[in-house]
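Just the one chain here, the form predicted on its own, laid out as structure tokens.
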């Protein structure tokens, strides 16, 4: 039973993490290669606060708030760049975060933070909280996608210049996407810290950013349910099959290549094509 709880908790956290990136990259078309930095910010904030005596449920709010605030400033810096230059800018944020944490002794430095307090209601309680957070964020993103904000995101993702001509406030929508997405990553990071009870700089590097981006691409950029499905499956495969863990990046890379070659819209696009053929 304990093993299944650990698997489900990991799955819920990664679903939340992938959905948070989907808001930035899937909805608004802003490619981010540094999303793990905000995941790490949430993890460090949550770990430090609970070690100081804060309950986890309360610590989730500052974790989301600080990650979202930093995401706002990163969004401001990214307003003048697009496409490849935006990806390079966000990738630099990931390296900057890891380098900063390594030099801060009060954050554990190279060693990291260990002895993170367990959630007061045990692992099953943490699973319930993780599932609730993932489900709530999924519901919020579905609402966003169908709202006026979602239409603004879609127009920016399709053609930013045309969206600006049509009167859409492109900078404001971009900033909202960064704030919402990075805040969600902050919550996922705080949950992850209390799930594994140890965090270090290597837990939030460039590899993690690429991994979560691969989940979004494989699921289908912009699709909520397909990204959640891809994140759930890909996050537990290395735990189910231990030999996969050594070749995880290779397998993810091959999957991304196959998706971009045969189904650019990922799992969601493949299923839509299959439905059309049946009809």
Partner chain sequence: MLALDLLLQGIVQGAIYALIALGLTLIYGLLRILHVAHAALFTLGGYIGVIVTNETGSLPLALIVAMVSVGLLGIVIYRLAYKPLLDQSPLVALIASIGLFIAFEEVFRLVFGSYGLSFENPPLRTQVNLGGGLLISHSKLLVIGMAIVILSILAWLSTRTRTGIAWKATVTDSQIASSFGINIERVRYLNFFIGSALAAAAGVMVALLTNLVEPTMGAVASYKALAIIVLGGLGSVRGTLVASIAIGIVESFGTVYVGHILDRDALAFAFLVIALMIRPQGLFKAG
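Model, not experiment: these values are computed from the prediction. Positions refer to the first chain, counted from 1. Rigid core: the largest C-alpha set superposing within 1.5 Å between the two forms.
If you look for the form predicted in complex with its partner chain, you will not find it shown, but the lines that follow are about it.
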May I ask whether 4, 9 and 200 all come within 4.5 angstroms of its partner chain in the model of the complex, judged by heavy atoms?
no
Go through 192-200, 116-124, 130-138, 99-107 and give me the stretch that gets within 4.5 Å of its partner chain in the model of the complex, heavy atoms only.
99-107
Just to confirm, residue 111 within 4.5 Å of its partner chain in the model of the complex by heavy atoms?
no
Should residue 270 be counted as a contact of its partner chain in the model of the complex, where contact means heavy atoms within 4.5 Å?
no
According to a 4.5 angstroms non-hydrogen atom cut-off, is residue 253 in contact with its partner chain in the model of the complex?
yes
Taking its partner chain as it sits in the model of the complex, is residue 228 in contact with it (heavy atom to heavy atom, 4.5 Å or less)?
no
Among 249, 237, 58, 52, just one has a heavy atom within 4.5 Å of its partner chain in the model of the complex, namely 249
Large Cα move at residue 55 between the shown form and the other one, threshold 2 Å, rigid core:
no
C-alpha of residue 256: shift of 2 angstroms or more between the shown form and the other one, rigid core aligned?
yes
